[in-house]
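In structure tokens, one chain follows: the form predicted on its own.
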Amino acid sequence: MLRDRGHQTSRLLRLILRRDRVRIAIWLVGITLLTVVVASAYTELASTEQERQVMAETMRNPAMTAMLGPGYGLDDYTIGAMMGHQMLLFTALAVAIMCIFLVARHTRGDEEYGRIEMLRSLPVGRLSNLSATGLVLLGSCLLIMLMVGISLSALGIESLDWSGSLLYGAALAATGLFFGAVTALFAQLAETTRGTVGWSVALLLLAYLIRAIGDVGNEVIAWLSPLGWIVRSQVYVNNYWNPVFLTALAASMVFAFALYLHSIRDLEAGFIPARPGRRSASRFLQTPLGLAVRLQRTALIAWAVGLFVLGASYGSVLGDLEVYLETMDLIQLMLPAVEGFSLTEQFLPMLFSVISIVSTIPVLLMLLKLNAEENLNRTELLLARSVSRNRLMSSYFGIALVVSMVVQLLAVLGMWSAGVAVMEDPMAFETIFNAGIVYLPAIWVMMGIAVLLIGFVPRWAGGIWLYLGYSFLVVYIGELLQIPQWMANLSPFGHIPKIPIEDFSWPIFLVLTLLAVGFVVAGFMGYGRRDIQG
């Protein structure tokens, strides 16, 4: 019976690999390269034992514990201990996101597109698709373990030995397996891809929050989070494998439960039924704008709350930031040397560069929803009525434009309100407001590029995420990695003045805004002329 339910799993496995070979390769190579580059940079930034011990003392700060996990090996803070403590958790988050998208795409995503129904009409086992997805997940995680482990050990850094490097990669793989399994479970519970990804990412963020609370307060609480298990592997110092085995065991149990639920679930149904809507639509809902808002209402609220919390979390550490930055050589190398400004004021542009790039994510999601609806053949139903293409595109563009301003303002309010509560001499609201709002033209340029892609080459619209990732790399850690200025200038975020240590520039504001307008106009023209995918 089980063999029949898994019939043709191998063929579906090859199909998934054929479809996602480029995506998987980009993720794996990108994560591996970033890990290797950061490890190499540590040897330049903390080349002496004295410099490493100064950095170790800063790691005892509760704020750093909440961000990175409990410090270990601080009495002899080698490059390996630095790498394991400061990079493992954030790299694990990237691997988890990769696995969430991978599993959601080939489970609930394929159900929404009708691909699973088509496959079920053939002699294919009921569990074959989910089993094949699980095997691809496992293979991808094993590859990341080997690629990262071999690459780190090949650097020839004394403290980055083979056993520690392999454990580093295994910790990443176990994290990916767990959250991939969780996504497979939510794919059985939720009725949509949006719900599957939303619940999975929410659990990832909750796991990070629980770990942070437990690491700062009660360690027992931290053990309630799988991320809390991973950071306790103490890579390159004590090399504990038990947390990795525990995470992998939990992943296998969750995935087995997902397989069981999949075996008893009706196709395109979910165990958590969608709430029934109103018997009749309101006048607003009958417009393209109203429909677009309704489709993304939950995501809009979640991102608004999330950006306010993100701003507040950064603002909550502003009180102790001055003392911390004075002893943090790594951060000071990433800051511009400017006299007449406190280190907190110099650090503010870096904080808002990160916040602004994060704020760009919901903006792009709002725009790309139009492309997703077209791929699901729903756009034709709207355009068959008295709805013009410009009106349809304007609805999604208008939402994205409003969201860009709202989420950035909420992040500013969150940082200012938390900073006022913890700082003895808080910065003026105007200073924080200007430092955040100045990034809006860069966000609008990203919007314009997305509209341009949707208008002319919708198949490649998802490539905007690669450009956003590039922007984060060159803007946030460009100084650390000594990236040439011309590479930073390829991103719109690289042109934004660093307020308050630099003056606001009207020419830059106007040029970026006009560039965004040009992209948007061209994108609208292309969308009005091209064929709608059917």
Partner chain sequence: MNVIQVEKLSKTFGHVTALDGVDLKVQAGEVYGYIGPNGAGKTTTIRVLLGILKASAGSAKVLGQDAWTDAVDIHRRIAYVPGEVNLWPDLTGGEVIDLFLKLRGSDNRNRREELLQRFDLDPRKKCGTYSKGNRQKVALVAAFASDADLYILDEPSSGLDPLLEKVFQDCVREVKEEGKSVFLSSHILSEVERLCDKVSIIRQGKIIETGTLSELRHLTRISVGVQTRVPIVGLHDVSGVHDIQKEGDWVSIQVDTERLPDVMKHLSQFEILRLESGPPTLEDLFLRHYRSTGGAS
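Note that this is a predicted model, so its numbers are computed, not measured. We call the rigid core the largest set of C-alpha positions that still match within 1.5 Å between the two forms. Numbering follows the first chain given and starts at 1.
The form predicted in complex with its partner chain is left out here; the points below concern that form.
Highlighted residues L119, G125 and R265: every one comes within 4.5 Å of its partner chain in the predicted complex, counting any heavy atom. When you look in the predicted complex, the only residue of Y113, W199, Y208, W223 with a non-hydrogen atom within 4.5 Å of its partner chain is Y113. Proximity to its partner chain in the predicted complex, defined as a heavy atom within 4.5 Å, holds among R389, R194, R105, K369 only for R105. None of the heavy atoms of V511 is located within 4.5 Å of its partner chain in the predicted complex. Although the partner is absent here, L12 sits close enough that one of its heavy atoms falls within 4.5 Å of its partner chain in the predicted complex.
With the partner left out here, its partner chain still marks one of 248-256, 125-133, 85-93, 408-416 in the predicted complex; by a 4.5 Å heavy atom cut-off that stretch is 125-133.
After superposing the rigid core, the C-alpha of R459 moves by 2 Å or more between this form and the one not shown.
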